[in-house]
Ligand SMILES: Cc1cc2nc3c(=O)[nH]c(=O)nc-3n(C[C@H](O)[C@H](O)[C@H](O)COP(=O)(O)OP(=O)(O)OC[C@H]3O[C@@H](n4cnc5c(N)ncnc54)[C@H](O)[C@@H]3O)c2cc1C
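One chain is shown next in structure tokens, namely the form predicted alone.
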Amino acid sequence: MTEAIVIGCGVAGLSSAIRLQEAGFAVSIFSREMPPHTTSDVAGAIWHPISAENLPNGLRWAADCREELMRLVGKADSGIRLVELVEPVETGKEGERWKTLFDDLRPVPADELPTGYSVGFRYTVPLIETPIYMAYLVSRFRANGGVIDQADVADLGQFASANGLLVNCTGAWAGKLTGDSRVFPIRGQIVRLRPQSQITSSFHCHGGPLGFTYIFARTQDCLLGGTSEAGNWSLAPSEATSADILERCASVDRSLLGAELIDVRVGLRPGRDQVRLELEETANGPVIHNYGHSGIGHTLAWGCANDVVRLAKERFG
């Protein structure tokens, strides 16, 4: 049995590790941060493939990922469920592509949209409750015999082996480990409120007067966002940013005014102009790189993991 080491315990690392296990590899994970303290745990995650259109293989990865998420819908410990999402669209960006990406796309009347928007859609998507889902992935990996060790990895070469496989899923820190200057952090801050049972539809927009704003009513909390700050490495929450998020979200749904705050969290998405998913033959052994998913790691994870396995099988036969 070929041994594989995965560096990184976010959604990309765990998905890749699980798929490698299923393909017959003996897999260990090493990571500086462990769930619930990874960027993937902080994410306000839905399956949303619009930006995947700009990536080679992006829509294929997204479709593969949706297939796995749909298998998990209704599984009690997975944290995956279907929700209705309302999304106003910035003028000029409401193209025909939306109709091909979502099965039940319906227009939202203009008088039901926030001020400044004239077009919007309503459709059903998988919502990923990340605190539950990430714990589920860890449990699934360990149940298959996987081992997770906490380690601050400064050199990929020390883990590579001529007879084994190394998979690099180090997210925003991949650039520093590989010398890849195309990698950069995209800082995201979110606000968590107590569960808001009165909210029956989730909300998401990316552009127009509200900028990047979302409201995800989850079972354990109500998650409000967000920010997308390219190049910002700070993990310290900003009170001004929290106030801005609360103001934007309350302008969408006034019932959020005065809701009880749980906490504020920050994560660093792994920005890159394209996902890097390729096999590199290094002096120490084969390395598969799987990083640079920007803000759609949860939308692409299982599709990318499938390609990690494909590359691994091609390399080891």
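It should be emphasised that the depicted structure is a prediction, and the values quoted were computed from it without experimental measurement. The first residue of the sequence shown is number 1, and the count goes up from there.
What comes next is about the form predicted together with the ligand, which does not appear here.
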*asked:* Can you pick out, from 217, 193, 85, 177, the residue that has a heavy atom within 4.5 Å of the ligand in the model of the complex?
replied: 177
*in the model of the complex, the residue from 275, 45, 288, 62 that sits within 4.5 Å of the ligand by heavy atoms*: 45
_Since the partner isn't included here, can you check whether the ligand sits close to all of 18, 131 and 306 in the model of the complex (heavy atom within 4.5 Å for each)?_
no
*Counting only non-hydrogen atoms, choose the one of 184 to 192, 98 to 106, 240 to 248, 77 to 85 that falls within 4.5 Å of the ligand in the model of the complex.*
184 to 192
*Non-hydrogen atom contact residue 152 with the ligand in the model of the complex at 4.5 angstroms*: yes
*Decide whether residue 7 counts as a contact residue for the ligand in the model of the complex under a heavy atom distance cut-off of 4.5 Å.*
yes
*the ligand contact in the model of the complex: residue 213, any heavy atom under 4.5 Å*: no
*asked:* in the model of the complex, does residue 253 come within 4.5 Å of the ligand, counting heavy atoms only?
replied: no
*Quick one: which residues from 152 to 186 get a non-hydrogen atom within 4.5 Å of the ligand in the model of the complex?*
152, 153, 169, 170, 171, 173, 177
